[in-house]
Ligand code: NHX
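The data below hold one chain only, encoded as structure tokens and taken in the form predicted alone.
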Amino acid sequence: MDEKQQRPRRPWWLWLIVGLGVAVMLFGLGAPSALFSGSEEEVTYDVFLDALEAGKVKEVQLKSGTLYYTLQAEAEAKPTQAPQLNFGFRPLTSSKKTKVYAVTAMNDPNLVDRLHAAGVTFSENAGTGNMLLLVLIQYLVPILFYVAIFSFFFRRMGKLGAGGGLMGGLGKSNARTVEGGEVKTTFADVAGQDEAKESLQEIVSYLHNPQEYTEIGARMPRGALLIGPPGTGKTLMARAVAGEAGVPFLSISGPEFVELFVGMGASKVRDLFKEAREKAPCIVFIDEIDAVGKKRDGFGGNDEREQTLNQLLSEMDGFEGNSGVVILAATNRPESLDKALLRPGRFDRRVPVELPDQGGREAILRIHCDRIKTAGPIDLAAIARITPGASGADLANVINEAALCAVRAGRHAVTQKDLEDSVDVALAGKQRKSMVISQHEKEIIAYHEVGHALVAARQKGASPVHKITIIPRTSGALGFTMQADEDERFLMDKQEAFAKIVTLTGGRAAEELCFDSVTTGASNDIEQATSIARAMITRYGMSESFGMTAFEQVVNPYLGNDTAMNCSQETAARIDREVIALIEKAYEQAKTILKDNRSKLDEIARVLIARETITGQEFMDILNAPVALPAKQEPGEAENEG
């Protein structure tokens, strides 16, 4: 290939702009200075006639209803002919000192005879060349300029739109497509969701061998809706189905259907399903479908979201039973979806992807732990036990944070301590080593945390203490007490719920008992205690006054457990009084436990002040010892004396 072929081709609009620029330059250079410079002197017609009769007029030009003339005396002084570009008329013969006069032409039929009799050189110029160029510049140039600009930007938008950039291709779905066999995720990469994998295994079997289902007359569900809290692996599960089936995987998010222009979202839906039919058998995954599938308000309308939802309903209902296209969608707000979307024939199978239990958490930790280097004995069961309520994403973050802790410590492998420290980081944030706490506040924090632990240890049905620390964290916590059950708990009786409230009030009770004052450190404890007490009365039927009556319901079970009250104002006031009385009863019980164990409270607090962190086993050893351990008292006593 020669150099000319390698040289990029210039766009047509660039040549157009260059040509127009040259034309403007030529127009400016080629115009006679007398006509276009604005330097001529305007006079009246009678002055012109007087000069003509006196024989003073040398030359006359008529142009566009105006007479331009020069005088004999001025024209004869150093006559020169300036070289000029000509556009269809003869320029005036003058010098730089020649003065040109302009006068508006009158309806004078004898003017030509007078000029001829006076021996004046005269001519008439219609100015067609200049007029055409003037029209070109005034009207055609702006039009061509804007055409060139719009052409440039639309070409850019077309290129960006084809790649999912600016304006999204205007009606193109822009779904991310992974061809069959390229999806490497399988069910082996998903742990803690055995029931969900079992429900989706039928879809994999159908995509592998659809004849087995069609021969018996069975119809595969056209859509499966994955529901569950954030971070539980709904997207990962959908990719695993595509990986197991070995079919193309089309992924798009619900908010991507929402467009500014009405009809664009519906166009994207049509394009998505058209592409899916061309790639069948395949899997289409719509994440966060609640963004486009929310309930309709019942008042009708022609807004963009409803048109998109209607198109989605139409496309799903139009699928043939053997089309080979399976629709998977994920949401953590199933209660907000339109009922027409959930009816049989569309998303007629709901697959819960819940938070994993203790065994599931251990399996998830093992999958992620296999991807990092470890050293020494690793007890993943212990990590799973102290992370109740953690999702798969949370556990993956714990393993990654443990690897980062090992790197910061200068080690090349992760130890059990790194894993335990990473749990603390996930729960309460990193340590605030630069934070300076006074000795008095340090004692208050220590007694507060030991108060929680001691009240929990002296109650029946409370969870065992795993760790106590007074090291401040980036989340704002100045210390925390971690409790962990030996086994997974799915039910909680009334006594256990009340024991949780008593444990939460133990910190404030220790402050009041030991310092005869209270601080702001119990704010989070008060919130949790109030929430549990209110739930016992309004949702769990654990109140003697109200019995088995529900006054509150969860409206968003997967996002924050938001609740709504369903009772009168009088009943709500009675509920408030009952909540206050229940918390007050728990607070009095916590103070009684601490008064009965005051010596142990002081002893453990001194040890915690000295060490800043003690394990649950160390705490129980001190609590159950008949006498205080002298070796562990000395550091605390020395600090208290100072």
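For clarity, every value in this text was computed on a predicted model and none was experimentally measured. The first residue of the shown sequence is 1; numbering continues from there.
Same protein, other form: the form predicted together with this ligand, not shown, and the subject of what follows.
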Contact with this ligand in the predicted complex for A522, defined as at least one heavy atom pair within 4.5 Å: yes or no? yes
Any non-hydrogen atom of I445 within 4.5 angstroms of this ligand in the predicted complex: yes
Verify the contact flag for A477: yes if a non-hydrogen atom of it lies within 4.5 Å of a non-hydrogen atom of this ligand in the predicted complex, no if not. yes
Taking this ligand as it sits in the predicted complex, is D287 near enough to touch it, meaning that at least one heavy atom pair lies within 4.5 angstroms? no
Looking at this ligand in the predicted complex, do all three of E449, H452 and E511 come within 4.5 Å of it through at least one heavy atom? yes
Segment assignment from 514-522, 416-424, 198-206, 548-556: heavy atom within 4.5 Å of this ligand in the predicted complex: 514-522
In the predicted complex, which residues of 335-362 put a heavy atom within 4.5 Å of this ligand? none
